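In the form predicted alone, a lone chain appears below as structure tokens.
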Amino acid sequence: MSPAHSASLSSTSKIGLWLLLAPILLWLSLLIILPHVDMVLISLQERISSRNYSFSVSNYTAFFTEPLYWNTFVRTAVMSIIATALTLLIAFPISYYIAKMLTGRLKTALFVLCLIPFWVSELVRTYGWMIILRETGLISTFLQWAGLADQPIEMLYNDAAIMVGLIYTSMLFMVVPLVSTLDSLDNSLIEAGYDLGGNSWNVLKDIIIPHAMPGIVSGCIVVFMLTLGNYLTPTLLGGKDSLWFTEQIYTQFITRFNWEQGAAFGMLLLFLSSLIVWAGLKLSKQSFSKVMS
């Protein structure tokens, strides 16, 4: 092959590579990078008069000097971490059962059962929980019918209702990576653990969890970020006193038309999620590329 022909093939390969990358590069640039750069610029503006702005960090200082904003920010982070931990505790045995205990059509059927609730929108799923938990809902009616309550019980508009909704909404995103990771665990390793005298706790701690750690961290990252940025579920199940930070962002953008403050809140939420994900990766000694591969 002549050098000219080789150079022509190399040039064609590069053009093909750029054409393949063009859609994802356009998507990242137009919908992710540019909007975030614009949000940073807007968050560093202060409105002096109509169409007149100056550079200022007052939107960020307002966050730290207003207890409502700060308390809501911390509450959202803590609730999201708790929701992620509870989702992991519930999803892990379910995932292990699907991956290691079932085979064939039964395994596929149970996996599809986990998937079915996500065929409808989050709004419909949340309304489903409202029908179950409201004062005239299924649980309250059953408790009165069974004689366990003498009047209707309101189970909505509290932290427990928000937590139930968040866990239910995020469950699939924890189950899928866990099933994928646990599926790759060789059963002979588990048998060897028992043959060497280990009990169930030793096998779980020394063999299953270390092998499943990339799936655990991957699921926790996805669930935490979805929970932290969730708006619909906390608002509907928690009511007007849900005190969720995305609600504060919505209020600034849509209700008060204060885009500068809303942009600052959005950037603070992005910083918080990035910081907690980074801390989680460090604590679990995992790399981002490994858990997302």
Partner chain sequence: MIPTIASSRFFRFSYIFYVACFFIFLMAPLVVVAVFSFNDSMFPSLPWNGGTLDWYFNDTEPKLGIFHDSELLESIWTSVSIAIATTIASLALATCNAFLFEREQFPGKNLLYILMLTPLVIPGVILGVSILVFSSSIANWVEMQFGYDIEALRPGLTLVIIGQFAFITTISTLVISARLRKFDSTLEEAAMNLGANRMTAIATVTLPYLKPALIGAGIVSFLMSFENFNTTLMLVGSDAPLTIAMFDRLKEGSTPVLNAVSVILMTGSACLALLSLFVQRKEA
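Rigid core here is just the name for the largest C-alpha set that superposes within 1.5 Å across the two forms. Computed from a predicted structure; not experimentally measured. Numbering follows the first chain given and starts at 1.
One more form of this protein, predicted together with its partner chain, exists but is not displayed; see below.
Peer 1: Is its partner chain in the predicted bound form near all of L30, Y96 and N230, within 4.5 Å of a heavy atom of each?
Peer 2: Per the other structure, all of L30, Y96 and N230 touch its partner chain.
Peer 1: Using a 4.5 Å heavy atom cut-off, indicate which stretch of 148-156, 209-217, 70-78, 184-192 touches its partner chain in the predicted bound form.
Peer 2: Selected range: 184-192.
Peer 1: In the predicted bound form, does E46 come within 4.5 Å of its partner chain, counting heavy atoms only?
Peer 2: Outside the cut-off, so no.
Peer 1: Is G239 close enough to its partner chain in the predicted bound form to count, meaning some heavy atom within 4.5 Å?
Peer 2: The answer is no: G239 has no heavy atom within 4.5 Å of its partner chain.
Peer 1: Does L34 make contact with its partner chain in the predicted bound form, using a 4.5 Å heavy atom cut-off?
Peer 2: Looking in the predicted bound form, residue contacts with its partner chain include L34, since a heavy atom lies within 4.5 Å.
Peer 1: Considering only heavy atoms, tell me if D38 and its partner chain come within 4.5 Å of each other in the predicted bound form.
Peer 2: So D38 counts as contacting its partner chain.
Peer 1: Using the rigid core as the reference frame, would you say F271 shifts its C-alpha by 2 Å or more between this form and the one not shown?
Peer 2: F271 C-alpha, core-superposed: shift of less than 2 Å.
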